[in-house]
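A single chain comes next, written as structure tokens; it is the form predicted on its own.
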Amino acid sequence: MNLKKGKKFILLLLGALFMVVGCSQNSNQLVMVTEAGFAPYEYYENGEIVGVDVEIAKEIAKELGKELVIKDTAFDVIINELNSGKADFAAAGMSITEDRKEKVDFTIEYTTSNQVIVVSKDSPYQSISDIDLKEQRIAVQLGSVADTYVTKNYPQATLNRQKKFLVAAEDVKNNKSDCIIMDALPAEQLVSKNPELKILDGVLFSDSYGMAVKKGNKELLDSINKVLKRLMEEGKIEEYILQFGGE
């Protein structure tokens, strides 16, 4: 073996050893990536991430006999976290869309999302039917289904994309945006903590949430689906929504 080939062999051997050691260190962990600003699905309480998706994730980890690790990141990079191998699955109130299905594999639907409009308490509007969205400055969460919806249906509107709903709320309160489009349950949480805001009557549109894994990870997908089906049959997901939704 010449020197050049010998060096190449050693590098390959070290690389293989690193992969084995790296996997063995994390084999007992299940990493969930989320954006913890979406109550009641995932949010911070006393410094800890809690919520509907967290309770479901605990059951998934229990089913697999692993330690649950929750990674909080920006919503618009969640899919990249999965595809780069930095997380095992995503649970972040993720709407199942055709565009996302091209990038990740989704579980079965486990809850339905109603999208609503949040405005200033002083707004003259009372119902969704009162407001002409194409004339509004609309705040949405970057990369969310609301972002896609407004981009497609109201290209004339001014779209203010924010990473956090709290920032969107401040925009409305400070007259930088006219309204926010978001899921009904987090909207209720947001308004309860921001009395300067209100939710207009009616539902703008509905969609369904699923959890996501890297494309081709059928083993993990099947395990998550098994847990979701059981929790749905037991009525546990509804219990979690009531528990963390404060209803």
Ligand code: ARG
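Keep in mind it's a predicted model, so treat the numbers as computed, not measured. We number the residues from 1 along the sequence you see.
Missing here is the form predicted together with the named molecule; even so, the following discussion is about that form.
Of the residues given (Val145, Val104, Val116, Ile131), Val145 alone sits with a heavy atom within 4.5 Å of the named molecule in the predicted bound form.
Proximity to the named molecule in the predicted bound form, defined as a heavy atom within 4.5 Å, holds among Phe89, Phe75, Tyr110, Tyr149 only for Phe75. Contact with the named molecule in the predicted bound form, defined as any heavy atom within 4.5 Å, is confined among 170-178, 116-124, 152-160, 92-100 to 92-100. Shown without its partner, the chain has Phe38, Glu42 in segment 36-51 as residues with a non-hydrogen atom within 4.5 angstroms of the named molecule in the predicted bound form.
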